[in-house]
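Presented as structure tokens, the chain that follows is alone, the form predicted on its own.
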């Protein structure tokens, strides 16, 4: 399905610091306002990280449940919670994210060097995350930080079956120091490997930092979908800081329309993703 574009906004993440990036939405009110603004522009999915009262990343169960409820009350967006959290979060807390009953949740398909740290995703943990989502009717977005993660996904699906809803959707996270580079050649190689996955598998692509625009253009030209937001870049152009997530969503919408693949609305996105 390449006649439209699924646009996911990832507004916060776990890496940026509010004092350095004042526009970063970290409170529930800020997050809900951002969600409403981005939905109005054309986003249909929101990828959510939450922060505590000190604006630090947290996987607090109460905050996660309150966030899911508030987003559902205020928007029609598909709510996707991150099970990655911060790279230091323990596995038990990451699994407990599913207790907040989101529409979707991320499922990272392997361990990757993450700058100076390690984002650990053991095989047993990945299996547990996948099977719990099957049982609870939560649709996964399989996060791919390196090409080998696609082979791991093929193994996972072959042994444990398709996700809830039957549709496989992956997100190529590109440009992380330690992961696959955010280049057109790498994205094309990753897209070719999708042939080994179930027919109809779709992909989004995320470019981190200075790779964001190159990855956006490459994804559109190869039939992919888009994830943008201040989780992934806080720079709009050289020497120019992002003023809001709306800027990044608006740019993605503009390029999608130029590519004659306008944004999918939330109803169309739910059909695409098996929701």
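Treat the numbers as computed from the prediction; the structure is a model and nothing was measured. Numbering follows the first chain given and starts at 1.
The next section is about a form of this same protein that is not shown, the form predicted in complex with a small molecule.
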- Query: Among 189 to 197, 152 to 160, 71 to 79, 139 to 147, which stretch sits within 4.5 Å of the small molecule in the predicted complex, heavy atoms only?
  - Reply: 139 to 147
- Note on the structure: Of 127, 101, 87, 95, the only residue with a heavy atom within 4.5 Å of the small molecule in the predicted complex is 87
- Within 4.5 Å of the small molecule in the predicted complex, do we find a heavy atom from each of 203, 212 and 261? no
- With heavy atoms only and a cut-off of 4.5 Å, decide whether residue 49 touches the small molecule in the predicted complex. yes
- Query: in the predicted complex, does residue 253 have a heavy atom within 4.5 Å of the small molecule?
  - Reply: no
- Message: Taking any heavy atom pair closer than or equal to 4.5 Å as contact, tell me whether residue 14 reaches the small molecule in the predicted complex.
- Response: yes
